[in-house]
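We begin with a single chain expressed as structure tokens, specifically the form predicted on its own.
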């Protein structure tokens, strides 16, 4: 496998087709946890771990279990509906693992996340990454799938950390009253999404 192909896959999902800023997935934690850089970075690390492990495990489930069984019974798509069940179960298990780890070793971070930590289970960016891995032709081998999942997680971490840094500065800025709160937050998110379109063509 060419290193160039792997780098292209990584840059494509991390920058060009960023799950948050281009795919508009995972907007809830992106806006809800991006108030402070340390919290945003911690959430980004947690999501990166969950996306990477979930992407690899779901790829193995589809290609090592569901697809061979479907081929054996003469209908490759017979168990297609089980993919979604498997994806959700794997994601929920990985989130539970992260939650237990943070609760034991990083109690302040666990407390700061609050409800947003278990809500990683319903983070559509993670499910979206798993579905993209299943559908895209360039991720039909395990290494490519792992690189795609890891790049997607790092792209999420990059986006939410940058957003948190900007919001920390905006807090001390003279924002017009009509834009204070959600207004300036959504405006910043839109400008950030436009900025990321400048990476178009890098991963090609």
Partner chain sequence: MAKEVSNLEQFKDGVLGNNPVLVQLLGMCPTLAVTNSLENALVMGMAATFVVVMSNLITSTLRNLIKPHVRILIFTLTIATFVTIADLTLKAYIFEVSKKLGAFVPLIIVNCMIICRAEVVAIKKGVAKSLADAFGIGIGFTLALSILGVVREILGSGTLMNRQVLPDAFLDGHTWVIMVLPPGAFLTLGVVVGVVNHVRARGAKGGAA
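Numbering follows the first chain given and starts at 1. What you see is a predicted model; the values in this text were computed from it and never measured.
There is another form of this protein, the form predicted together with the partner chain, and it is not shown here; the text below is about that form.
- The shortest heavy atom separation between residue 85 and the partner chain in the predicted complex is within 4.5 Å.
- The partner chain in the predicted complex comes within 4.5 Å of no heavy atom belonging to residue 2.
- Within this chain, residue 124 lines the site of the partner chain in the predicted complex, having a heavy atom no more than 4.5 Å away.
- Contact check for residue 22: a non-hydrogen atom falls within 4.5 Å of the partner chain in the predicted complex.
- Stretch-level contact analysis of 151 to 159, 33 to 41, 137 to 145, 171 to 179 against the partner chain in the predicted complex, using heavy atoms and a 4.5 Å limit, identifies 171 to 179.
- Comment: the partner chain is not present in this chain, but in the predicted complex one of 45, 69, 60, 27 has a heavy atom within 4.5 Å of it, namely 27.
- Highlighted residues 107, 110 and 166: none comes within 4.5 Å of the partner chain in the predicted complex, counting any heavy atom.
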